[in-house]
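Shown here is one chain on its own, the form predicted on its own, set out as structure tokens.
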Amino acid sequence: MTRRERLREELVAEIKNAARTRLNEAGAAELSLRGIARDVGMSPASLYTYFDGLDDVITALIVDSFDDQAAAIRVAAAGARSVQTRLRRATVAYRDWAHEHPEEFRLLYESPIAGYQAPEDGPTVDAAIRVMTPFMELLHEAWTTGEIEAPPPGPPIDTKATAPRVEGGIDADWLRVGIETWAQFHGFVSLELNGHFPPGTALDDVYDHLIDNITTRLGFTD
């Protein structure tokens, strides 16, 4: 890497960090090229040397946040022999990451920025699937090792968009069970983060019980 390339990479990282800080401290509504430029000490016009516009900055921020969440899930799930234990750790890490990065979680899953449209079939799609890949891999491992039985055939589901992005590909039943599983714990986390549960609910206990129900439904017996 040349010195020019290294400096450019450092400035791109600085711009993205400034955008992330602004998002976490003030919310998505405060993301603007002018504000980000001011935070890094350059003119708004100078940002166009590194990004095509605010949407390009937001896209890069989304990709980085998805990757950070995916990494946290993989780290949490590593080490245990039992797939069930690793799956539990992964679902806990999903919720923990949301608690630690609430504004980034909302950016990823609730599209709070008016007018922003992620590039169709672009890098945010790949990044989002990287978050779900650890869960899909755990389900596949549990089925192939016999820790749980493979699911019976269910409603048809199109895998063309997802299968090429998961190593080894996936079939319709695998994807369907993965989506059903994700919907359960993601729905809980999203409702919790936005304060939609009754006051006084023991959310840690409820989430733990939800994970028990998920693993039971999947067929784990321990």
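Since we're looking at a predicted model, the values are computed, not measured. The term rigid core refers to the maximal set of C-alpha atoms that superpose within 1.5 Å between the two forms. Each residue number is its position in the shown sequence, starting from 1.
Just so you know, the form predicted in complex with another copy of the chain exists too; it's not on screen, but the next bit is about it.
For A18, no non-hydrogen atom is located within 4.5 Å of another copy of the chain in the predicted bound form, even though that partner is not displayed. I157 belongs to the set of residues with a heavy atom inside 4.5 Å of another copy of the chain in the predicted bound form. In the predicted bound form, A60 stays away from another copy of the chain, with no heavy atom inside 4.5 Å. Using a 4.5 angstroms threshold between heavy atoms, R217 counts as touching another copy of the chain in the predicted bound form. Shown here without its partner, the chain carries E180, S190 and N194, all of which come within 4.5 Å of another copy of the chain in the predicted bound form through at least one heavy atom. With the partner left out here, another copy of the chain still marks one of 68-76, 83-91, 101-109, 139-147 in the predicted bound form; by a 4.5 Å heavy atom cut-off that stretch is 101-109. Counting a residue when any of its non-hydrogen atoms is within 4.5 Å of another copy of the chain in the predicted bound form, the hits in 16-52 run A28, A29. When the rigid core is held fixed, the Cα atom of N213 travels less than 2 angstroms between this form and the one not shown.
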